[in-house]
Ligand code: ATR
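What follows is one chain in structure tokens, specifically the form predicted on its own.
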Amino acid sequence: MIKAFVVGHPIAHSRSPMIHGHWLATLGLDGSYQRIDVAPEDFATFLRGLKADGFAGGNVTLPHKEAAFAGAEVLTEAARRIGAVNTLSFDGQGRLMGDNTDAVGFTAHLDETLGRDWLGTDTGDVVILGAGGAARAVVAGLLERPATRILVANRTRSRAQAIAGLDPSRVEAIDWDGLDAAVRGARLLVNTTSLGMTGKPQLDIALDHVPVECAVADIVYSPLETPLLAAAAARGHRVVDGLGMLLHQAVPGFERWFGTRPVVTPELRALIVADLVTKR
């Protein structure tokens, strides 16, 4: 049996076992995928024991993504660019390899929801709210798209400037107070903060100056329709929820561990949505 995992602290809330368990069952594969709660001070020891414990690899979530980056023996280009690891596996030489699939997860869901040519002929600007690890992954993914400019707004400007370093010719840090002006030319607005998540304060942003052709995305998936997405939908904007990013980022890791590329289906999405509704 091939074994994989998701590790975090805490980890009981993770839907990853449902996702990978669904694929294992529908594909008829002999494998397992489990949650493992590891405190930060024990994470390095956990990494060293993966091979001896018989794991083919696994997913890494908060607060361990940067520690996994530091502990991996080999890093993919995506992991190096984002500076964090969310997927671990072993390469052909038995070395622990760190990857980051958040960027491809975000853009895959964006393409699925809006269409591959969502920017159209008038590429316009993309405005990113927040400058944490998720923002860095989202920007890395969007740099593979023909956006004219990617504007990163954060209350701590230095963090936004650090993300702008991914490609200073296309990514620009802006002040949070400058959002009203920035969104006027936007084709996509993305919230990468935790604001609007269940148990968190709401995102305090007005959409009055956002053009109607601008799509609005939120990486938060609990609740599935955040206050930001509800307000955007009411104004006639196309909206992109956060669940698809979670589902699509899981695909590369599953393929690496179990040797079969899974598909994100309506049935899988419905399974996770039902769980979100039950446990909200």
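For every residue, the number given is its place in the sequence shown, counted from 1. Computed from a prediction, not measured in an experiment: that's the story for all the values here.
Here the subject shifts to the form predicted together with the ligand, a form of this protein not shown in this document.
query = Considering L195, A108, A164, M97, which brings a non-hydrogen atom within 4.5 Å of the ligand in the predicted complex?
reply = None of the other options qualify; the answer is L195.
task = Could you tell me which one of L88, V127, A131, V138 places a heavy atom within 4.5 Å of the ligand in the predicted complex?
result = It is A131 that has a heavy atom within 4.5 Å of the partner.
key: Option from 182-190, 100-108, 69-77, 152-160 whose residues, in the predicted complex, bring a heavy atom within 4.5 Å of the ligand   = Selected range: 152-160.
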